[in-house]
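One chain follows as structure tokens, the form predicted alone.
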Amino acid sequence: MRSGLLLALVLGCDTAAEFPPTPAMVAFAAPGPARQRQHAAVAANRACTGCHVEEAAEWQGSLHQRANIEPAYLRAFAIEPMPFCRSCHAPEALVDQAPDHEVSALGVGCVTCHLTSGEVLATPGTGSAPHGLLRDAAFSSSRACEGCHQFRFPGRMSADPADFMQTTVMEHEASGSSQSCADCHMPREANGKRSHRFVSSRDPEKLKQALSVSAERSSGAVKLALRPVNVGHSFPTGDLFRRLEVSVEAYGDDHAVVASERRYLTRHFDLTSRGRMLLKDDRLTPAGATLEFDLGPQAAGFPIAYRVAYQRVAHPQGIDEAAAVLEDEVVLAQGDLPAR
């Protein structure tokens, strides 16, 4: 980072006008993990939030800002305290040291994404600013998100998706979607500006809108058609333990379960000496899937209930998926099929 721009950002926006952009000296550098700028980043970020008040109010309390202090992450980190995790959850901290409160509370700050080289990154449609701007279309593409939202398991180097802990960008490319990450995760507000709340994966209503479910039965057999709606990647994506729990059960007049079946749509792993090895990935692609369940003749004559839930796993219990401890869940769809 050019020291002149950093000083200008710390002192305030007006001072930054003394340091105009010099396109020949800078090039697009995508945001990424392990920036390790510590309190220099905290100070520069304070200058950002002092001028960009609306964006700062949205970012404050967002998943980006709370990346290193969110309780679910802290519980998971306590179980597997790897510096590797800190590089994305506290990118301005030193990866091998626990950050102090200020650096930790910064999380993924304004500067983490917008100040990656010598100028403040912006998209081509951004208006004028009292400081240097590097306007680049790549900043609105998946390249801007890839550094922290697609990465391998530690120690693995191949291009095989099975060696990746997260594959969201690969999934987006395979989907053929014309929408960018920002189109869904940073939708435009009424004033035309991009939202900096980053709420999609924690918004129950948005999650429910992201999946269409239809059901039909024939005696003890049930078909559930699951179709993602305007989702440009696998559903769910991100954390390797997120999953959909799909269940069907026939029940009697007293609601006692007569027959049932449960499945998890997720990345299924085995535990080996090399760590977690991918066995199967049956998450929903944008094309969706039709699941068939056969509860057997004992289900005939009884109503059947179905349920689809989006689950965030706090931590797995070995390879027994049913025993996993849940952080939370959102029921996306449920219903009853009459007795036949």
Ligand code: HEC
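Quick note: we count residues from 1 along the sequence shown, nothing fancier. Because the structure is predicted, anything quoted here is derived from the model rather than measured.
Although not depicted, the form predicted together with the ligand is the subject of the following passage.
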Subject >> Site check 223, 285 and 323: each within 4.5 Å of the ligand in the predicted complex by heavy atom >> reply: no
Original post:
Is residue 110 close enough to touch the ligand in the predicted complex, meaning at least one heavy atom pair within 4.5 Å?
Top reply: yes
**OP:** Indicate whether residue 253 is a 4.5 Å heavy atom neighbour of the ligand in the predicted complex.
**Re:** no
Original post:
Taking heavy atoms and a 4.5 Å cut-off, does residue 147 contact the ligand in the predicted complex?
Top reply: yes
**OP:** Would you check, heavy atoms only and a 4.5 Å threshold, whether residue 299 touches the ligand in the predicted complex?
**Re:** no
Original post:
So which of 117, 260, 214, 200 gets a non-hydrogen atom within 4.5 Å of the ligand in the predicted complex?
Top reply: 200
Subject >> Stretch in contact, per heavy atom within 4.5 angstroms of the ligand in the predicted complex, of 245-253, 119-127, 93-101, 214-222 >> reply: 119-127
**OP:** Between 50-72 and the ligand in the predicted complex, list the residues on our side with a heavy atom within 4.5 Å.
**Re:** 51, 52, 55, 56, 59, 63, 64, 67, 70, 72
